[in-house]
Each structure stands twice: as structure tokens, then as C-alpha cells.
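As a starting point, one isolated chain is supplied in C-alpha cells, in the form predicted on its own.
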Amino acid sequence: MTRATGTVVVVGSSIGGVRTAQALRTEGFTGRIVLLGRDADLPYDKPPLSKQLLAGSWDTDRITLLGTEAAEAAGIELRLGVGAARLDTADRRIELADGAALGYDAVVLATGAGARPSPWIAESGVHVLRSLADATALRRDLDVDGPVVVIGGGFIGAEVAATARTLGREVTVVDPLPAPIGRVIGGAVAEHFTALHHRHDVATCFGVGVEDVRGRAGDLWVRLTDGTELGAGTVVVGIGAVPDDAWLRDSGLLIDDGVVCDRHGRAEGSPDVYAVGDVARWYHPDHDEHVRVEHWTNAVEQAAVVAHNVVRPDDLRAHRPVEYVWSDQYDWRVQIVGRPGTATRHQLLGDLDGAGARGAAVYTDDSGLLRGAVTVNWPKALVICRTLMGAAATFDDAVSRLADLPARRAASTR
């Protein structure tokens, strides 16, 4: 049996929602598709917000995911500038923030995640970065000369710091961890990322928290928990994301750090409700747990699986990705596969120091299997590690394969 007709409403117009709507057509769905988005802008890609768009090297046309003409050609109705307010699973109805309602035969929740709000309230000049509007507001402040303090040394924080340096700003990155993204890649490898900041004349305050931010744009003060005070013209807060699931609290769905789904992307107990992307927390059979992954690639791959399952409910596919994320920081293209942060041992190959850095760290645990890898400016190594992760290869196999690539020096195992 296939569900080729009827109405599918996709709630959320970022990458997961757009790719789901497009994949429904690829799967042969001929019915009505409504793509609902709270943002009034045409659907756009978010990774460039902290990089090319913030730097001014790209305009909004470069990040558009689905234009009006393309949507019309695909038979996708765009309902933008109005969010979903409530989901009624009993009557298969979505109530909108403007008072209207949409009925559905199947609904795909792709509302993503929002930036965790800043707990520090200043008069102005304190930014988060998750939307086009956020990026536009931040760019206006970055156009004004003055120091920039970035609170949070993760991917967004590092990318904003790199962009701000490109624009000529003096930058300081603050994070309570002793090294940036240490939870993701382990403290020893993360030390190389500290050196990366320093090599680009970005100051770091790691291992210390933020107590308060006060003042206004152009005249801000950031007080750290060790008593240090940093002056800033602009402050950027990148302390994580929160799934956009509050509007679903009375829907009857199981909500626990996102919409809890089975391995097929179906919301638990509601076979006509699916979730994709940052808002989805689905059962991953390889890890025997429910996981929520905030990565662009995961949203794209999950969208294809869910679209198939919407159209072919008697031929369900499981979402079993090899986790992958990338980040552009200064002159580094950083690519991560698997779960390095859960490993107990790693080995470095190549070189992660200096301007010509090109290397990889591969990770394992007591199982002896390859559990993850971090590569820097080494695309061939990334391809090998991603393939080996999908094949459940051993750590020793990965090390051997990378060591066979030319002009790489292996470092000691730790």
C-alpha cells in the first residue's frame, strides 16, 4: 500500500522541512504538500549564517533553499510568516498562530531548534545566531569598530570568531571548558583548536564562566567568574540550542528533549505524525537509545527516510546514519564522523599544528572498533573514515588505511 494522495503538511521551512517536501515528490506523492514556516523569508540554508553571509561574501540569494518558482513547479504550497500554534492529533489538524487551521493526512514536524537564550540581559548589543534575522542584526553591529566577546567555544562560537577576525575585529572567546569542543572530540585533540584561535590572534578565556553582561552596544562589559572584566562593543552568545517543541506540549505526543520517535521517524503512538531534523529524537538501533542530532547532514538524510515512510507505510525504512558534521574555522575545514567524545583512546596522524595543518584523529574504545574521527583539511581521510564507520571497521584498520596515505606522520597513541 502507498499513500500517494491526500494532504501532507510539513511544519518547518529549514533544511529538514524543505528536503522532506521535495523527497515526497521524488517518492511519487501526488497529493497536496504544504510547507509551513514561521520565518517570513523564503526557506534558507543556515550553515552560511555564521560564515559567508555574516562576512558579507554571500547574499541571501546564495542561501535560498527553495524559491517561489521552484516551489510552484514542484507543487509545494509555501505558507510562510506564520507558525504552528497547536497540533490536534485526534482531528488531524494544525492550528496556526494567525487563527487559521490546516487539516492533514500526515504531518512532518521539522521545526528544528532555536538558540538557547542568553541568561545575561544587557540593554543592547548581545546576540544569538540561529536565523537570518539574527545574522543581519549581528552583521550591523560587527560593522561598527569595537572588540567582540564570543561566549561559547563550540562550532557556532568558533565560526563567528573567525568571521569577526576577517572583518578586522578584536575577538575574545570565553568557555567554561578547558579547551573548545572538548565534549565532542576530547580534551587532548581540542587543545589544537585552542592553538588555532591563538594563531589567528584571537584571545581565549577557557576554563572560566560568565557571571554577568551589562551595558549597551558599543559599551558592554563581560564579567567572568574569576573576576576578570572584558570590554566589548558586541557580545555573541553561543551556548547551545533548544528543540522547538514547546507548541507540542498539549498534543499528546511524547516530548522529551524533542519529539520522541521510533527508528522510522514516526512519533511514538501517532503513526501519521513524523519528525525530522533537530526537533526529532528517534531510536537509533546501533546505539540502543533515542538520540537527537543537530547536524545538517542528519536532517537531509532523515528527510529522505521519512518521505519514503510517509508514502510507503508498508515498506518502512529505518534511519541509521553515520553521524557527520563539518565546520569552517579560520583556514581549517574540520570534519567529524561518529562519536569521538564517547571514545577512550585516540591516535593522531598527520599534523594538526601550524598554518599547513592537515591531519586526523581516529578514536576507539574497549571494543576495538572505530568509534569516530576528526579530520582537518584532509578530505581523503574523511572519506575513508566515513566509509569505515559505516562498515563497522576496526580502529587498527582505520589507522593502517590513513597511515598508507602519503606524506603523513603518525603521532603517539594516547
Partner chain sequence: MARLLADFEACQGYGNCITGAPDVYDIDDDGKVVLLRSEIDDADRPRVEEAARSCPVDALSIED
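Small disclaimer: the values here were computed from a predicted structure and weren't measured. Residue numbers count along the first chain shown, from 1.
Another form exists, predicted in complex with the partner chain; not displayed. Remarks below refer to it.
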**Message:** Counting any heavy atom within 4.5 Å as contact, can you tell me which stretch out of 32 to 40, 381 to 389, 348 to 356, 362 to 370 lines the partner chain in the predicted complex?
**Reply:** 381 to 389
**Message:** Counting only non-hydrogen atoms and a 4.5 Å threshold, tell me whether 104, 266 and 268 all contact the partner chain in the predicted complex.
**Reply:** no
**Request:** May I ask you to check whether residue 329 falls inside a 4.5 Å heavy atom distance of the partner chain in the predicted complex?
**Result:** no
**Request:** Answer yes if any heavy atom of residue 300 is within 4.5 Å of a heavy atom of the partner chain in the predicted complex; otherwise answer no.
**Result:** yes
**Asked** Hey, in the predicted complex, does residue 296 get a heavy atom within 4.5 angstroms of the partner chain?
**Response** yes
**Request:** Report yes if any heavy atom of residue 68 sits within 4.5 Å of a heavy atom of the partner chain in the predicted complex; otherwise report no.
**Result:** no
**Complete:** Only hit among 204, 309, 251, 335 for heavy atom within 4.5 Å of the partner chain in the predicted complex is 335
**Asked** Which residues in 3 to 35 have a heavy atom within 4.5 Å of the partner chain in the predicted complex?
**Response** 19, 22, 23, 26, 27
